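One chain follows as structure tokens, the form predicted alone.
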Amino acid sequence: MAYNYNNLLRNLLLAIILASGSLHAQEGEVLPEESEFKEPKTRVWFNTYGAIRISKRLYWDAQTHFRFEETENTPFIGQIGQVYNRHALGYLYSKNINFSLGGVLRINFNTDESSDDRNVVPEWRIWHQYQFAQPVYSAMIYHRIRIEHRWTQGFEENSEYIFRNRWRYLFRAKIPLNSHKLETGTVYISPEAEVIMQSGKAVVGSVMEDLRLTTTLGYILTPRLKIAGGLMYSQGQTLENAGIFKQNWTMRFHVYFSPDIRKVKNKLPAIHFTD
């Protein structure tokens, strides 16, 4: 019975691959005989994450990211590639569960030094997020589901916007290294894995946009301020050809802050919502 079940899965997967290939042929795209991986690029990201308490259950999720990527003439850190402004209104359902809904304005910079197209174009998104935290001995485990609806355009003059959905799942652990819990003065390690899928009319076979594997070291300065840095490897299908994969090595640096603007008498005990 197990043998038949495995054969059924294998045949189903083969049918999906063949169907994807035929769809690409209709679009005039030629798939390579084998998957091709581009040479890895290096990137450096500087990120801030703010979780600002505004009421008993509501908080403002304010994120700003500055992302640099290597170019032919400027290796390693390279040039500015994107600037993110991601904001949302968050709701604290319980100590370990929170939700967010908001918008994103991403500014994309043209890093192709040989291009004569526009240098800057905006990208718009609506996003909602569902995060669940659970303690495991001295560590914390996080499950995050994030769904994004995005409108993007190329750098060519008068290029049209295309619409896509992103479906993201992230697993993260935060493990204290020099104490028995996550408190002030604690150094922690945070391994994480995130898969990002995409869908939409422009997405024929390139459904896996990114697979991200990261390890981060962090330090808790105060209950409301943390810093962290780490290295991420990522790969994913290019939108132009499902058989060609991009790769990146990214150094990421983070600042987490969580001010509470309420009056002291209205404050609740600390909860797990600052990531």
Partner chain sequence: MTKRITHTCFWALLLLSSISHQCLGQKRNLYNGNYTIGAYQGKARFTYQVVGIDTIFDGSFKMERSNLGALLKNNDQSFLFEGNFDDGLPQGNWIFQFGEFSTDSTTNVSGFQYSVNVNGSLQEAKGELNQGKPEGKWSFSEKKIKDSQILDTLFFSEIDFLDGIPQQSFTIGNAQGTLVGRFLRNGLAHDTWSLFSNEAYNIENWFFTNGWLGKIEVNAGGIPIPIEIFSDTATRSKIIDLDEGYSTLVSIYADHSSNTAIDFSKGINELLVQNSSYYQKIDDILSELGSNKFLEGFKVKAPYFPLDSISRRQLDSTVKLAVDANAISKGFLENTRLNLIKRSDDQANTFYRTIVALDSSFLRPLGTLVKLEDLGITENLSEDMLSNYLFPNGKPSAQIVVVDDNGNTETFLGPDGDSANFGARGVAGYLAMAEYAYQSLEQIKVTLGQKLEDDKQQQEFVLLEEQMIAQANALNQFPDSVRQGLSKRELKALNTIKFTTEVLLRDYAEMPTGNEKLNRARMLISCLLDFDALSQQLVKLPERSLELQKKYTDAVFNPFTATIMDESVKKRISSAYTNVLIPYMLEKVENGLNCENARDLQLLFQNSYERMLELREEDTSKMERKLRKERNPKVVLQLFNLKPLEG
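Numbering follows the first chain given and starts at 1. Since this is a predicted model, take the numbers as computed values, not measurements.
Keep in mind that the form predicted in complex with its partner chain is missing from the display, and what follows is about it.
Taking Y49, Y219, F245, W45 one by one, only a single residue has any non-hydrogen atom within 4.5 Å of its partner chain in the model of the complex, and it is Y49.
Residue M140 is the only one of M140, V121, M197, V204 with a heavy atom lying within 4.5 Å of its partner chain in the model of the complex. Contact annotation for H128: none of its heavy atoms lies within 4.5 Å of its partner chain in the model of the complex.
Taking non-hydrogen atoms only, N96 approaches its partner chain to within 4.5 angstroms in the model of the complex. At the 4.5 Å threshold, heavy atoms of A88 stay clear of its partner chain in the model of the complex, well away from it. The shortest heavy atom separation between L182 and its partner chain in the model of the complex is within 4.5 Å. Three-residue candidate spot P223, K226 and S258; every residue lies within 4.5 angstroms of its partner chain in the model of the complex by at least one non-hydrogen atom. Comparing 106-114, 73-81, 88-96, 151-159 against its partner chain in the model of the complex, the single stretch with non-hydrogen atoms within 4.5 angstroms of it is 88-96.
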